[in-house]
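The chain below stands alone, shown as structure tokens; this is the form predicted on its own.
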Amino acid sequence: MGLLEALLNTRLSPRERLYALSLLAVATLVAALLAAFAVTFFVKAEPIFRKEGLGVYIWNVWRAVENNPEAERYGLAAAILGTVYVAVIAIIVSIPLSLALVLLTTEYLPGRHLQEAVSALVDAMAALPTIVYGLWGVAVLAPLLRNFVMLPLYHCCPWLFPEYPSTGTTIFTAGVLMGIMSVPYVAALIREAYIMVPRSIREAVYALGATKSEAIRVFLGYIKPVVIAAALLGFGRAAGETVAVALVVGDTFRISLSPFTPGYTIAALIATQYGNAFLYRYMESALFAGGLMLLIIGVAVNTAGIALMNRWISRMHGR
């Protein structure tokens, strides 16, 4: 029963109606906060919109000039492309790892205690501060990827990867790191759906003589909408990460189709540039324009992911 239906239902007790009203108030507050974020970002970004128009999202330039506002030019194209690029790589990395982890803990590990121990370790990964991931990424992951992934791919497939990986801090490194960081969240969503596959379906599949691998393919097909939803939610998680990405992405304002080059994301740009934005007339406004774009991307992908999850749950319950 929805909140509005509960409030209009005369058969509910006063206490139940009060409870439904309190939930409606909380939902309204959350929606109001989101709207307040959007309004604040738009108001703060309004000066750069007046100066550059939508070019702030199309151009690739970052020219900060003190005491000469008219010479300032800001375009977020490289940061927007870098954000999407990093998030896509993160999903490509996290989905296979998450699926493998879910199958390991639900189908292959013997004993409930061992399954719970592995799940606890994954939960501990989610609780680690992002700066820990960032420091590990720049000290360990970046050199490993450059020496054992990027350089071999550059030498064997120069037509696919034409840019020489002169450093390990690249868009590719940021994407892989975010993929690893997203595994606990993505795996948790997929696991909850996987263990909710109805017993009747499980018994029917095995009654038909399916092997375990064949049964797993059927079960994964059943929860396919949840896997897609988890990918979208992981995309939003990766797009908004700041500290860890800022340490490994390279912080270079350039557009390149090669993932083996340094780049920028919107979140990393805000984190690295906001400290000195007060020195310039339009820089703070440009950063808020980037934050507004990040808010739009986050709301869009998370809304799509939650809608897919809810539709799957409704289908599973026959609604």
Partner chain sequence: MDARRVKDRLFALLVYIGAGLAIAPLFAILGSLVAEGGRVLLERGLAFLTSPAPYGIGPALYGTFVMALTALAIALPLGFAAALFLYEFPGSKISPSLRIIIQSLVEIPTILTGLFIYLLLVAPLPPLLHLYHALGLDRILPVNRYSGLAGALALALIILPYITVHAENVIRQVPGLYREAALALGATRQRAALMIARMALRGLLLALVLAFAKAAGETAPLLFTAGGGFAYMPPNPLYALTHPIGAVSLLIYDYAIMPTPTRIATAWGAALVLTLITLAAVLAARAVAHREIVIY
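Positions refer to the first chain, counted from 1. The structure displayed is predicted, hence computed values, not measured ones. Heads up, when I say rigid core I mean the largest set of C-alphas that superpose within 1.5 Å between the two forms.
Another form, the form predicted together with its partner chain, is not on view; read the next lines as being about it.
Taking the partner from elsewhere, every residue among L101, R237 and N302 has a non-hydrogen atom within 4.5 angstroms of its partner chain in the predicted complex.
Among residues of the shown chain, P158 is not one whose heavy atoms approach its partner chain to within 4.5 Å in the predicted complex. Under a 4.5 angstroms non-hydrogen atom cutoff, its partner chain in the predicted complex has T242 among its neighbouring residues. In the predicted complex, G209 approaches its partner chain with a heavy atom inside 4.5 Å. Within this chain, L24 lines the site of its partner chain in the predicted complex, having a heavy atom no more than 4.5 Å away.
Considering its partner chain in the predicted complex, the lone stretch of 223 to 231, 117 to 125, 67 to 75, 160 to 168 in range is 117 to 125 [heavy atom distance within 4.5 Å]. For the options M196, V138, A204, I92, the residue carrying a heavy atom within 4.5 angstroms of its partner chain in the predicted complex is V138. The single contact residue among S256, T272, T252, N60, judged by any heavy atom lying within 4.5 Å of its partner chain in the predicted complex, is T272. Contacts with its partner chain in the predicted complex, taken as any heavy atom within 4.5 Å, map within 263 to 297 to A267, I270, A271, T272, Y274, G275, E284, F288, G291, L294, L295. Superposition on the rigid core between this form and the one not shown places the CA atom of A20 2 Å or more away from its counterpart. After superposing the rigid core, the Cα of L257 is displaced by less than 2 Å between this form and the one not shown. A displacement of 2 angstroms or greater separates the C-alpha positions of V30 between this form and the one not shown, with the rigid core held in common.
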